[in-house]
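Next up: just one chain, as structure tokens, the form predicted alone.
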């Protein structure tokens, strides 16, 4: 006589039961940790923004340092900026998707105070070799000189494209201009043939590329060019 556990009906019912139990456990775990995950995302955004202006922070002091250093936060729509104390929570990926559909893109802007002068920080997001890359660009109060940058990535190659996070690459952007010498918007290219590996020339709109990471470097350059450009109409209103 066959055991009940040998029947197809038993197997089907057992499988359905396991799916329900495991699914319920996963849903419960996701729900119970939701607040913690959201808080982690908030703190990570604060740390990344601070990194672009050279302020070191960790999870224990990020919120305190963010409050101390970031004096104003705005969300820009068109050429209108509205103060918003949670602008750092705006999802840049979703806003870029809205822009592609022809909808108005909301642009977060953060203003820090450094040595008595304003520094304007904007988020950027683009594509690397394997997946998304993103970062923050800090501009001095002349709105054309880069004060600092922060880059990160989802899955670039370790030792190659992943090096966009390293200071030997990000430090090269400090002092670079986003306009060329004729006043045209140029952003900053990533070039392996600029003849300036020490990056002494801050007027050439170029930094030295990372060896073996051409596509990621091109992705960084494209991200900067498109990511900064959408802020230019608002920046023009600040110059008046």
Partner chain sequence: MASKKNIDLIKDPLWDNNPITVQVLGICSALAITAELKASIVMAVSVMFVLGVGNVIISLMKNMIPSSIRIIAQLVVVATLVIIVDLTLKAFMPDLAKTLSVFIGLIITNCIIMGRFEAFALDPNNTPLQSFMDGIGNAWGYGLILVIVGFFRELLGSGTLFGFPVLGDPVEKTGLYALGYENNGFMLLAPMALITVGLIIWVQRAKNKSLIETH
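All figures in this text were calculated on a predicted structure; none of them were measured in a lab. Positions refer to the first chain, counted from 1. Heads up, when I say rigid core I mean the largest set of C-alphas that superpose within 1.5 Å between the two forms.
Omitted here: the form predicted together with its partner chain. The next part is about that form.
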With the partner left out of view, is residue 5 within 4.5 angstroms of its partner chain in the predicted complex by any non-hydrogen atom?
yes
Taking any heavy atom pair closer than or equal to 4.5 Å as contact, tell me whether residue 184 reaches its partner chain in the predicted complex.
no
Touches its partner chain in the predicted complex: residue 85 (any heavy atom, 4.5 Å):
no
Contact between residue 40 and its partner chain in the predicted complex at 4.5 Å, heavy atoms?
yes
Pick from 141, 152, 77, 113: which residue has any heavy atom within 4.5 angstroms of its partner chain in the predicted complex?
152
Can you say which of 90-98, 77-85, 119-127, 153-161 gets within 4.5 Å of its partner chain in the predicted complex, counting heavy atoms only?
153-161
So which residues in 205-236, when you check its partner chain in the predicted complex, have a heavy atom no farther than 4.5 Å from it?
none
Rigid core superposed: residue 232 CA moves 2 Å or more between this form and the one not shown:
no
